[in-house]
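Starting off, we have a lone chain in the form predicted alone, written out as structure tokens.
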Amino acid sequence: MSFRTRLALALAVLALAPLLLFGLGVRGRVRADLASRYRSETGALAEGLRVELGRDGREVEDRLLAMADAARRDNRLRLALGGRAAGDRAYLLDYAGRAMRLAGLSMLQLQDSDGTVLSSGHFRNEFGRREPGVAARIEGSPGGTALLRASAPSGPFLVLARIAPVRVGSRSFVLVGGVAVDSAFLVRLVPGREVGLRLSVPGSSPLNMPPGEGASNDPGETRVVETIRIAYVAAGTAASDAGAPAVSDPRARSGAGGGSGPLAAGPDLEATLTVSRSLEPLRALRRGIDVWFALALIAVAAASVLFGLWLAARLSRPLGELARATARLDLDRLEASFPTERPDEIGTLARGLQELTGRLRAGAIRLREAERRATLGEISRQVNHDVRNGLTPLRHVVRHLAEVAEREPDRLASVFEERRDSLEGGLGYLETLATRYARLSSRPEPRPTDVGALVERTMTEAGGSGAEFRSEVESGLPPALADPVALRRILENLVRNAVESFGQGTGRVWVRARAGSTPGRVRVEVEDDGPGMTTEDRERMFEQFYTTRPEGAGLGLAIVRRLVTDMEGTIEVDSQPGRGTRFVVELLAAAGPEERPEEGA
């Protein structure tokens, strides 16, 4: 990812993070406040309905009290109740109808103390019907108001009923009256269009606000619902409950409100008025907030990315010019310049690069001269080191022949024949070195090489150095893809390094050849039980000219690592002070056996 893209994304994140946190917080707070307000408004509306129902009940009671007062002064009614004239019966039957119409009520009954209907304004044929307990139930309801199911020629209907006692002469009567509770009544209670009312009465279908006057009356998860409970009396079934005690609720007797509703006459004697308010307007408002919030996020993100790209372009253009000029730098091409007049950090960087190229040019000149002198010295030291390594086995053979000639002259010829291969091999090795140094190239030429035979020959030629040598060659070991001369130089350097680590003492050296740690590789190990190496020695042992012996040249291990690397191999060292040292060299195995492996020069 480029610097420009990273900067643009960083600016976008920096701009969006606080906006997102702030927006989500405001969004959540607004949604919570709106939902709480909806619930509060619905609760306040339900409380207002309770008050309105109580006011309607008191208004009905006032009208009944006015009619009771008029009935006490009506002499003809007194006569009709006494039954003294033939026309008094008709007057009594029509009395409740006339009074109901004058009072503006929807239902009116005049009952005696036993609950017998003496006059019915809404249904004249109810004369003589007994409704014991109806007046007592209404009077015992909380607030003295109850929902009454009355009968009419067209069928039953609901009435918000109250009672008023009336005394005519020496007799006591009861006026039971009320106003009809229908769809128009519900509309009058809640004239708004966002509220639904549903009146549920035991044994009857629910009464809903007419469509168009409010939202759906079905409460559910998408609505805020409040419930008002109203005492319910079914006049048609009251006869079966004669003698039942009046139902009262001390929690709400004082009026139409309080508790969960104005009335609570028991599960079989109560109606439920459900106030529901649709949450769809709230959801629409929430969706609008979410849309505008998403648009704001998109706008801020786009603006931040565009601004970031513009700013990154302004910042990266001079840096890109510096990068292109720097890319042209090379030890052989140090003529690049970085002209600038900028006073900022980029100008400081350009001037620093200009000074750096000047120092590099001067340093390159000094380096070339030092390399020329060092190359000659290194070649001479390497030639000296390799020649001495090649002369060591020859010196051992000559010393052996001299000892045989001095002690057992008659065996000199046979020993010479035994060591003749070593002499010829050593001389051949020196000739190969001379040829390669004549070409000034020591690049290995890998080919299938018998590692086991080379290990055995190295051990034979290393004899006589005062150390104990042991070799282990795994049976069936495949040939390695290596330069025989280079591999011999590696073995001789590692063995010589092991022998020299003993100093004036003696020790043992193991040389092992086995299969590598992974298929297709051959491993050669050179291990000794000498003093081992310190941490500093392990870190610097492959550096040229680093040695721990005064007479050492510090080239052996450096040559080993270079030769191993040239043959695409690896070298590892395991050494601890007082526990000896082990070198592990892994080389590629030859791909196929069609070529005869060479044993080495």
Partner chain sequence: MPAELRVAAPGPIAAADAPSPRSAAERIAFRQMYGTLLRADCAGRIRPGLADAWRSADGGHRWTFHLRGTARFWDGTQVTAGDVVWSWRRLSESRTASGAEGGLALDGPTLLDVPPALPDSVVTVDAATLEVYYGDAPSAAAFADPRLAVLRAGAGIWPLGSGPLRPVSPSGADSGSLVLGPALGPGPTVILLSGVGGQEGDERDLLDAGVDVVLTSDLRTRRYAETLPGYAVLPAPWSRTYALAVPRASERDGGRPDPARADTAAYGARAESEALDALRVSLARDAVREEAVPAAPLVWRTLPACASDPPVRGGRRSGRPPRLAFSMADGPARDLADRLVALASSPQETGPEGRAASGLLGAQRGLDWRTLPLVGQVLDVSVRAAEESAYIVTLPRRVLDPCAARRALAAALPWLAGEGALVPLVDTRPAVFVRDQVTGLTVDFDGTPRLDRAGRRADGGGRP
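Bear in mind that the values here come from a model prediction, so they are computed numbers and not experimental data. Positions refer to the first chain, counted from 1.
Same protein, other form: the form predicted together with its partner chain, not shown, and the subject of what follows.
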query	finding
Stretch in contact, per heavy atom within 4.5 angstroms of its partner chain in the predicted bound form, of 135 to 143, 89 to 97, 273 to 281, 225 to 233	89 to 97
Residue contact check: residue 518 to its partner chain in the predicted bound form, 4.5 Å heavy atom	no
Touches its partner chain in the predicted bound form: residue 126 (any heavy atom, 4.5 Å)	yes
Contact of residue 130 with its partner chain in the predicted bound form (heavy atom, 4.5 Å)	yes
Residue 507, heavy atom within 4.5 angstroms of its partner chain in the predicted bound form	no
Position in contact with its partner chain when the complex is considered in the predicted bound form, options 339, 476, 153, 343, heavy atoms within 4.5 Å	153
